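Below sits a lone chain in structure tokens, taken as the form predicted on its own.
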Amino acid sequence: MDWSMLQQYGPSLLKGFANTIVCWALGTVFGMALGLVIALIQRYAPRWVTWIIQVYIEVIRGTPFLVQLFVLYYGGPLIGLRLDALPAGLLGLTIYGSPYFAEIFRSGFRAVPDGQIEAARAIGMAEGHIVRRILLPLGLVSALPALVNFSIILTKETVILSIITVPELLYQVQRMSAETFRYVEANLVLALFFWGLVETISRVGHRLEARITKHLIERT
């Protein structure tokens, strides 16, 4: 195995890794925010609205991310939506992740004891305050492990963005492989980068879960 090529391709690999982190971070944040909105709509909106939301969830969960990305990037111009590769990739990750995050939040909200919600309503607490002070904090504790797990899954979905020429890590690795014909070293570098990213996210998630749980215990 020849690792000397890393001296030549190291900067481009690091740039690709940075782009991967940016795509993952923004796609996760936007997807989680959209998923939270969807979960709250499912909980409080009229039945016909929740039916529309459920159709959206089933369609996105039932189709591959690659197909969604092709439709968005190549089919978008047909309806006047022209996006560069990077914005299209971020929008694609947001749309793809939002139904999964919505279902995770919904399950977290259902784990909140009904007695606490009813007690808050009994003392005259407004619905917005119930969501902010009871539903979100308690639901987040239950949902956090699943949120972290799906965030890890999204890191590996970023490699699909290379199909629409987003210069993330896989894109740079493929370019290095094509120019040097050193496929083993290139893909091993790819695996090591993603392993390090996944381990970092996992450890941060565990610490965040412990801190949130400790904070809630102290409040009670």
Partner chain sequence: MFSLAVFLQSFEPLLWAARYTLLISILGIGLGLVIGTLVCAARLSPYPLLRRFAAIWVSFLRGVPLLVQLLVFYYALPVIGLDVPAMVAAVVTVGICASAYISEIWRGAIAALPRGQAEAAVAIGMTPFDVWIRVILPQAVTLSLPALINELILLVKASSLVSVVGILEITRASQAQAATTFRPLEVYIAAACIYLVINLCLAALGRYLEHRTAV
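Treat the numbers as computed from the prediction; the structure is a model and nothing was measured. Numbering follows the first chain given and starts at 1.
Below, we refer to the form predicted together with the partner chain, which is not included among the displayed structures.
Trainee: With the cut-off set at 4.5 Å between non-hydrogen atoms, does residue 75 touch the partner chain in the predicted complex?
Mentor: Yes, residue 75 lies within 4.5 Å of the partner chain in the predicted complex.
Trainee: With a cut-off of 4.5 Å between heavy atoms, is residue 62 one of the residues that contacts the partner chain in the predicted complex?
Mentor: Heavy-atom contact with the partner chain at 4.5 Å: present for residue 62.
Trainee: Hey, in the predicted complex, does residue 187 get a heavy atom within 4.5 angstroms of the partner chain?
Mentor: Yes - in the predicted complex, heavy atoms of residue 187 and the partner chain come within 4.5 Å of each other.
Trainee: May I ask you to state whether residue 109 is within 4.5 Å of the partner chain in the predicted complex, using heavy atom distances?
Mentor: No - in the predicted complex, heavy atoms of residue 109 and the partner chain never come within 4.5 Å of each other.
Trainee: Name the single residue among 66, 52, 29, 45 that comes within 4.5 Å of the partner chain in the predicted complex, judging by heavy atoms.
Mentor: That would be 66.
Trainee: Whether 70, 159 and 170 jointly form a contact site for the partner chain in the predicted complex is the question; each needs a heavy atom within 4.5 Å.
Mentor: Yes, the whole candidate spot contacts the partner chain.
Trainee: Can you list, in sequence order, the residues from 176 to 196 that come within 4.5 Å of the partner chain in the predicted complex, counting heavy atoms only?
Mentor: Residues within 4.5 Å: 183, 184, 187, 188, 190, 191, 192, 194, 195.
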